[in-house]
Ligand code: FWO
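The chain that follows stands alone, in the form predicted on its own, written as structure tokens.
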């Protein structure tokens, strides 16, 4: 593996358009961006990006590393995430969480999977907790988890407005957010609470009440699945107008959509038209179960989320007319801002060399912290996946 790499002749989006550039990488970092860069040193690995677009590595803030599911019994447990699936879809940084099942899916297993994925080359973080309140933790408290567990950057996914939630009270939610804020302050982390928002009538009313009636700012409230339906999204836009961020769940690759469906694609378009695209992120819900329920909330079946939903949604958003750099924001710099991920989300000097090279949306090469995980369409051999 060469310490110094030079990517030549790429159309560079950082995510703003930067023109045709060369990118010099030293170790894990981007060292210099310019035109016709010359390096007078031995053992420089040169990669010709002519005809390709380079974007920052995608950041997926809501993934079930160890699988999810279980709403239809043990047979419906979904499998663990593969690193190769992330690389194939240009995802280089991820945040893992537990979901409905906080019993047979443990934080310890989530942590171990996160460490394994990072050793393979990705950048990974996790949330403490799961759907239920009080949240499961490593150390007994949210604050101690944030301060003492390196991977923990927040709490989630805490379920609200959903028939599968533990039906938490406002006071219980407020205490979780307050503990996350202080724990994040002490540890120098974002301290967000990632809320799974279901289709219930109360939506994100708790979140509006917190910012209206307490001293806690928007930045610690991070609701996801906000593209579940139009009414929920419109409340999310109001939340964004007040200074918050909302996360939309990406459209799954190949998913058949009706004209009446409201999706993350529609949400990104409307956010752009309302001048709020900087307050929007998208996630895949990768390896999570995507259950189907009848009108009485009885389980009828499920699909499995793919981390490919992020890249697929970006492609469809651009096809809908949103400028390429604006679309790319929602899975790069915006997400890095919400989660306070230093050195992530941009192609810029001093940032981590997380770079995706594409041609017509087909991923050709991926670098994670300066190392090629994919080159010429071939994924690096990853021992633990065999």
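Numbering follows the first chain given and starts at 1. Treat the numbers as computed from the prediction; the structure is a model and nothing was measured.
FYI, the form predicted together with the named molecule isn't displayed, but the following is about it.
Q: Residue-level contact is defined here as any heavy atom of the residue lying within 4.5 Å of the named molecule in the predicted complex; does residue 206 satisfy this criterion?
A: The answer is no: residue 206 has no heavy atom within 4.5 Å of the named molecule.
Q: At 4.5 Å between heavy atoms, is residue 196 in contact with the named molecule in the predicted complex?
A: Looking in the predicted complex, residue contacts with the named molecule include residue 196, since a heavy atom lies within 4.5 Å.
Q: Taking heavy atoms and a 4.5 Å cut-off, does residue 69 contact the named molecule in the predicted complex?
A: Close contact exists here: in the predicted complex, residue 69 approaches the named molecule to within 4.5 Å, heavy atoms only.
Q: Is residue 228 one of the residues lying within 4.5 Å of the named molecule in the predicted complex, judged by heavy atom distances?
A: Yes.
Q: I need to confirm a contact call. Of 164, 316, 144, 151, which residue comes within 4.5 Å of the named molecule in the predicted complex, counting heavy atoms only?
A: Selected option: 164.
Q: Consider the chain as shown here, without its partner, and state which of 263, 100, 124, 306 has a heavy atom within 4.5 Å of the named molecule in the predicted complex.
A: It is 100.
Q: Report the stretch among 280-288, 235-243, 267-275, 133-141 that approaches the named molecule in the predicted complex to within 4.5 Å, counting heavy atoms only.
A: Flagged stretch: 280-288.
Q: So which residues in 246-274, when you check the named molecule in the predicted complex, have a heavy atom no farther than 4.5 Å from it?
A: Heavy-atom contacts within 4.5 Å come from 249 alone.
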